[in-house]
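This document starts with one chain, in the form predicted on its own, laid out as structure tokens.
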């Protein structure tokens, strides 16, 4: 009996958005009298950082400070339409909708500022700090707040914008099977290093090394955090998590998180990840989607590493010590003359 080490690799490509398209999302933007901009969405932040990413996109398009943006994730009764937070679609779909809405609101903002400064709107630009300046004449400017006040109380105009992003639904050609299945594809590759105890069947993940091609990382730090969290989840799916350990006999199924197995602090492996940027042609600033796929490639990579370490090929999750020992026994029996 020994502790054997192995290395496995797995790659995945992941489509952004709903299969075959047809999943629109809307965004509404309006300025308050104080020069802040409220972005109204029905998209839900599940912890993936939607509010931060949408704030960045809004501020970039409007040319204002992120602190002047307020994200209002209303609800499905009162907010604009959204198909939902799934399919790694939020940054792509909602981000595009926000770009449309912010572009429309920016036009009105510059129109009002142009009237106040007595210049053509095309001669104006925002400086990213809360001021609208005349190109080539830095001393001639107006604050975004003053422009918003003038719009409300002097010109009777609403600084607002609407946006909706829809990838048209693609229907397969029944003769050829031709279709346009997704908006763009993100890619990932993971190398897993494991240690397998052939006496107990215990598997310890030592290291997970990944490369992710995600179009454009709107917020690189949050992307890295998502990769680490997804790697943990992938390891958890591969080795621990199950609601029905002896299905169809449910007598021993977990009923709370005290009995539901997940990796603890002592089980966390070493992580290393590289982010590759190959901007998409239709994503907001080139972004694709990264959400769900961060948990995908670690799973088969760990399974392949176990096989490399001890020759046990297991394709039923989770890969428990019992399954490892049974696979080792089966392999030893098959090797007998």
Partner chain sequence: MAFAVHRPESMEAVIAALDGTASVAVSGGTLAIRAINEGKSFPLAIVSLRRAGLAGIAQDDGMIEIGAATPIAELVRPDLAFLDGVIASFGAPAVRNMATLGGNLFAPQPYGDFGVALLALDASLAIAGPSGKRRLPLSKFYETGLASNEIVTGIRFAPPAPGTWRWLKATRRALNSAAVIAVAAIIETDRSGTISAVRIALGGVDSHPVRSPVAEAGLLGQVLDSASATKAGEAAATFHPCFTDTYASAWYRRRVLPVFMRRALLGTPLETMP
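Positions refer to the first chain, counted from 1. The model shown is predicted, which means the values in this text are computed figures rather than measured ones.
There is also a form predicted in complex with its partner chain; it is not shown, and the following applies to it.
- Interface residue remark: residue 239 is counted as part of the site for its partner chain in the predicted bound form, having a heavy atom within 4.5 Å.
- Interface residue remark: residue 245 is counted as part of the site for its partner chain in the predicted bound form, having a heavy atom within 4.5 Å.
- Taking the partner from the other structure, its partner chain in the predicted bound form has a heavy atom within 4.5 Å of a heavy atom of residue 200.
- Put simply, residue 118 is far from its partner chain in the predicted bound form: not one heavy atom of it is within 4.5 Å.
- Picking from 108-116, 143-151, 157-165, 263-271 the stretch near its partner chain in the predicted bound form, with a 4.5 Å limit on heavy atoms, gives 263-271.
- For the stretch 315-334, the set of residues having any non-hydrogen atom within 4.5 angstroms of its partner chain in the predicted bound form comprises 320, 321, 322, 325, 326, 329, in sequence order.
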